[in-house]
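Given next, in structure tokens, is a single chain: the form predicted on its own.
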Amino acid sequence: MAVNMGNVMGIIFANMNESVINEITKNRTMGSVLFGGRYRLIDFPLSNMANSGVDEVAVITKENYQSLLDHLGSAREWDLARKKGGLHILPPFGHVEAGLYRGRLEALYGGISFLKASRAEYVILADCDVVANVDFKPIVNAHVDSGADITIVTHTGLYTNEEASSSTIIQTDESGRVCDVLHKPNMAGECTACLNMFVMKMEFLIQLLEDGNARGYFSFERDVLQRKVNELNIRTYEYDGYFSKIHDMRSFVKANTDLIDPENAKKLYLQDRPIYTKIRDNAPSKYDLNCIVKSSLIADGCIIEGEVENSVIFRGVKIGKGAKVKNSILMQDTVIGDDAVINNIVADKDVTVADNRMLSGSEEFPLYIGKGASV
């Protein structure tokens, strides 16, 4: 059965899972973390919903969301600046008794009056820690055809202990129904991991929220998926496209640098489903005649006078003469001084590294330099 996507609301959790890269999210939401040279993490779920025909999207915030509001603006870039539907920002204090939420259920309950006022029949929940280009139309259609109460978007593959212990692992029976849910287990090997995307009826979601509030539940994974796995008809939708799931600083670096490979970039940035972001008008990047650039992503507005290798360089970055940048991520408007040497560094926005400085992290533990710092 083909579902009219105009009857589907998207809900994006801007702050969920931000503790996994606590250094970067100290002063911003997970959704507003910079990624891939020119994007923010929220651009991916927001673009996925817009490309899938979802014309009403709510973004649930918690704290430190000023940069997120600045990035989203009127949502014109995602074609969500509309009189009906469009983009809605749901602050953490949705009603008088509300406080800062502890989990997904409390976050949603804070905006329950908004959900009840919606005419949407179905709802898609998504986080900002998964970088992927997802078409939600077949997922919603599969949910309706299966008669499931909840459909979980999953991926089956080989997972390390670090990856599995930061995920929700799903097990299904022969009929395809979820029979067991392990939340952040200590395991490794082939398993089916939740990609933090869920589909359900709006009416069913509201019932879950009211029941959860009455019982003091706050975690969707523990108090719904785990607790009610035998009671509800929960099914999975296997996603087999390209994705990166961010679960620590190392995976954040890898998710960025993987896009240096053109094959990975082609799988993520699809011509028929583009990833949209806030427009920033910059001049083309300027390359000095003596500069050297190898296997790197360079955004617009940069000045490259030194050497760059296996790195992701965001908009407006300046790399001085004789400087060497390797295996690093430099976020926008960072300045690397002349003859400086940096390796395995994640530099936040507006960082300044003085001339002749030498900074080095490791592949396992990249060195992070905070926003606006001078070294």
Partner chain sequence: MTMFNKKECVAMLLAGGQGSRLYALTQSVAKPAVPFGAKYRIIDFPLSNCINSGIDTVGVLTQYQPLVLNEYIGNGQPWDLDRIHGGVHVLPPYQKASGSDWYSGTANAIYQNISFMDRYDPEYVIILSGDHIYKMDYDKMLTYHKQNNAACTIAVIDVPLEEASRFGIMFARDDGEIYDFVEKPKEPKSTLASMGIYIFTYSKLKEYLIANENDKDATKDFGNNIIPALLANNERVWAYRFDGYWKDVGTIDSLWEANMDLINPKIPIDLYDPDWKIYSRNPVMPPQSIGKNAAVQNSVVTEGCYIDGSVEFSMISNGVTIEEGAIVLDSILMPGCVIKKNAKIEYAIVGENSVIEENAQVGSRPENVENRDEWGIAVVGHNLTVSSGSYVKPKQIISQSI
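Residue numbers count along the first chain shown, from 1. Just so it is clear, the model here is predicted, and its values are computed rather than measured.
There is also a form predicted together with its partner chain; it is not shown, and the following applies to it.
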Contact of residue 197 with its partner chain in the predicted bound form (heavy atom, 4.5 Å): no
Spell out, yes or no, whether the shortest heavy atom distance between residue 111 and its partner chain in the predicted bound form is within 4.5 Å. no
Answer with yes or no whether residue 38 is in contact with its partner chain in the predicted bound form, where contact means some heavy atom within 4.5 Å. yes
Contact with its partner chain in the predicted bound form for residue 193, defined as at least one heavy atom pair within 4.5 Å: yes or no? no
Work out which of 216, 147, 189, 284 lies within 4.5 Å of its partner chain in the predicted bound form, going by heavy atoms. 284
Which residue among 302, 253, 123, 126 has a heavy atom within 4.5 angstroms of its partner chain in the predicted bound form? 302
Which single stretch, out of 156 to 164, 131 to 139, 287 to 295, 175 to 183, brings residue heavy atoms within 4.5 Å of its partner chain in the predicted bound form? 287 to 295
Does every residue of 237, 241 and 247 put a non-hydrogen atom within 4.5 angstroms of its partner chain in the predicted bound form? no
With the partner left out here, which residues of 240 to 278 have a non-hydrogen atom within 4.5 Å of its partner chain in the predicted bound form? 260, 262, 269, 274, 275, 276
